[in-house]
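Encoded as structure tokens, the following chain is the form predicted on its own, with no partner shown.
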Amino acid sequence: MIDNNTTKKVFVDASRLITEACVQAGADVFIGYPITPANLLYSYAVARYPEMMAAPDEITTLQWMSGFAAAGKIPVTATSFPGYALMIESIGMAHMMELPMVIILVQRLGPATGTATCGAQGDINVIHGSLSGGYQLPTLCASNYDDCWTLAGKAVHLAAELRSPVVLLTSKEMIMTLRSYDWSQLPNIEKIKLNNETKASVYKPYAPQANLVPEYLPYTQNKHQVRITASTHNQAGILQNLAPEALENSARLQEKMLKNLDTFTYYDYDKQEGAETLLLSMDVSSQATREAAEELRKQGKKVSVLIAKTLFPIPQVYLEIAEKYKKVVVVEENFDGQYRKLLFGYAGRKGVSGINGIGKMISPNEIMEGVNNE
């Protein structure tokens, strides 16, 4: 257990920070199947979570998580692309059922199953397209060790507050790298609990509240009937096909994300007055981006920096900030600029370019060269 009440510098990896933050935030069960490079999250879970279950495969993992979530728990798992690919059908099921859970996805190099020991930011399109119908999973992405603590806690809270699966996207270099870190200044994380009672005389499991999120009740309570289904359904959870209420209920799943997006939009914006160039990055690449910006400024070149921490749904503020700059350089560790194309389309925008890497981390010098050659 991390004691953040005393000054202490330790040699630690971010997997430990994420694990502790999830538990302190209220996650009470970890279910997983070991897979590189997410193994440390699995290993730490054995000792730290109130309950830990080793599943026989990733499909079973998500099915068990759905059962725990319906019973009043907030489950967490950790995986990488091959495991996530097996989970996708059940993630869609949990999304439709509106079950709270957190999926930590440690990205690998692609294509296919990826090189287990070579990290990248190759799963951005996978996350964006996980759900059929164009629906989006709330997706947070840590840019440094501080984020691994705060965003992991927020992911657990968000899962409970939105009644939804939430993805915490990270990378091998972030969660497996040991570094000297002072955890004494980490903020305390409030523990969240799922609701166990309602004032309603008749409980409708999918009746939206003002924020479009239905009131949650676990099926383990004995006062009200709870229906949970992944098929198209009305507010009472009754299976329906083309009935207006059922279709409206399905549309609400995306509307609730957009309505609440401002409450989970996280980013860092380091604005330099007079800058015409914006560096935009995420995940571990943001560390090189910040360093490159410092060096460029020392050389007299004005640049601003935007670090995206909420990836999906894409916050409108990112586009509003980017619109202010003549040049936008998106730094991401994948071959074809996945997030850049999602932000600006395949046609792109005049002045938008990317700095990409494959098989290795992007260095500050590469970013500086890319900016200076624009």
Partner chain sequence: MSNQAFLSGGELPFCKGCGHTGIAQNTEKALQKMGMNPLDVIMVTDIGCHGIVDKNFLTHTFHGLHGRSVALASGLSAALNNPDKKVIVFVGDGGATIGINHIISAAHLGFNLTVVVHNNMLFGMTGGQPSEFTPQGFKTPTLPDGSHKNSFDICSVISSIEGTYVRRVTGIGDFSDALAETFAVKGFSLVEVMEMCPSYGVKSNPGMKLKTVVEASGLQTEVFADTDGRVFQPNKKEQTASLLNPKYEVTAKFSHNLSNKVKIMMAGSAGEGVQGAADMLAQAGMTAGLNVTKKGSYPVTVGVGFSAAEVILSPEEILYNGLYIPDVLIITSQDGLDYSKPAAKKMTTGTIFIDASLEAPETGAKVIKVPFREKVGARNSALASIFYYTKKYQSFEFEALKSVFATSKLSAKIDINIFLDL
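Computed from a prediction, not measured in an experiment: that's the story for all the values here. Numbering follows the first chain given and starts at 1.
Another form exists, predicted in complex with its partner chain; not displayed. Remarks below refer to it.
Checklist entry - Just one of 245, 270, 276, 291 has a heavy atom within 4.5 angstroms of its partner chain in the predicted bound form, so which one? => result It is 291.
Checklist entry - Which listed residue (180, 299, 201, 263) meets the criterion of a heavy atom within 4.5 Å of its partner chain in the predicted bound form? => result Answer to the contact question: 180.
Item to check | its partner chain contact in the predicted bound form: residue 310, any heavy atom under 4.5 Å | outcome: Residue 310: no contact with its partner chain in the predicted bound form.
Next on the checklist: Considering non-hydrogen atoms and a 4.5 Å limit, does its partner chain approach residue 318 in the predicted bound form?
Outcome noted: No, residue 318 sits far enough from its partner chain in the predicted bound form that none of its heavy atoms falls within 4.5 Å.
Checklist entry - With the cut-off set at 4.5 Å between non-hydrogen atoms, does residue 50 touch its partner chain in the predicted bound form? => result Although its partner chain is absent here, residue 50 would touch it in the predicted bound form, with heavy atoms inside 4.5 Å.
Checklist entry - Taking 4.5 angstroms as the cut-off for heavy atoms, does residue 347 touch its partner chain in the predicted bound form? => result No - in the predicted bound form, heavy atoms of residue 347 and its partner chain never come within 4.5 Å of each other.
Next on the checklist: Looking at 253-261, 123-131, 213-221, 190-198, which stretch has residues with any non-hydrogen atom within 4.5 Å of its partner chain in the predicted bound form?
Outcome noted: So the stretch in question is 213-221.
Checklist entry - 16, 93 and 362: each with a heavy atom within 4.5 Å of its partner chain in the predicted bound form? => result Yes, the whole trio is in contact, each within 4.5 Å by some heavy atom.
Next on the checklist: For a quick check, can you give me the residues of 221-242 that have a heavy atom within 4.5 Å of its partner chain in the predicted bound form?
Outcome noted: 221, 222, 223, 224, 225, 226, 227, 228, 229, 230, 231, 238, 239 sit within 4.5 Å of the partner.
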